[in-house]
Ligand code: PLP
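Only one chain is shown below, in structure tokens, and it's the form predicted on its own.
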């Protein structure tokens, strides 16, 4: 009989030639447990998905309660389903008043796709501006606005009328014009290696979009729900978009995404044509129940402030001659080494030492630190001991 490991490589499509390949049987809190009896401290959290930790009891309870009622009933938007409405009410209560209409998707890429369609439909324009080294997803539209040619080259031609400018370069905001439907930006560039904007860059970007009549879209798919030490990264800058994108941690470990705008803007998708944007599984009731429980857990346990304190502790402990910089906000951090070869060796050494980390898509000099926001001080100390030993060995 073939082992699960053999079948993984034989039957499942691979995303790279060298997957991590750990067989995980269970997970709890910040820990993953493999089939061979080892445990690993998770410093990636499914790429900023498991903000409330793995197997969170509050989410498990909400999922089980919803399963006893119903699962999928109908394509999104036709039936009134209480978990969808309750989660939308919660989200809108946490956001500025102009973000008061929620469209659910299954993933971040779908949220990106929907937001581009919404912006083009509402403005009647076609040009989309995004930023170099931004990551927005892998579907054709999302890939088109992703800002790194290494992922895009093999799939060209992509979506037309996309232009890209440099993140943080105020003079390049002049590229935004009366032809621009929308500008898509991460408030903190994650896959570029946690690149943080200057204090006034997002404000100037917002002002320029308003002057030109272009919609501003914030991609908070990685940065949302406390990850950066604020509930949303945009809160740090008090700059708010016309459209907000959420996914990853939104579902509390279940698949869920959303794009959120005003009722006026979102209404553009409901007519001429009707069903101009549709999804079968977006807003799955079990995912929405999990999402609501996750937000309640984050706010009820003050995980936003905890993330800010935990990030400071990581930065205090991660001091080594081989570490060039520790960059980030809250529990979204990049530990910068000299070169990709050292980073890859350090990642392998971390895994061997019992901690999961990885590099960033568009910055292979950096180790990713994005553990669950529930990580304890003792777990941070364990993580830093493994990280420092791995950096030394690399």
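Computed from a predicted model, the values in this text were never measured in an experiment. Residue numbers count along the first chain shown, from 1.
A second form of this protein, the form predicted in complex with this ligand, is not displayed here; the remarks below concern that form.
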query	finding
137, 229, 224, 282 - the one with a heavy atom within 4.5 Å of this ligand in the predicted complex	137
144, 109, 294, 84 - the one with a heavy atom within 4.5 Å of this ligand in the predicted complex	109
is_contact(residue 242, this ligand) in the predicted complex, heavy atom dist at most 4.5 Å	no
Interface membership of residue 248, this ligand in the predicted complex, 4.5 Å heavy atom rule	yes
Interface membership of residue 113, this ligand in the predicted complex, 4.5 Å heavy atom rule	no
Contact stretch among 125-133, 173-181, 214-222, 74-82 - heavy atom within 4.5 Å of this ligand in the predicted complex	214-222
Members of 14-32 lying within 4.5 angstroms of this ligand, judged by heavy atom, in the predicted complex	none
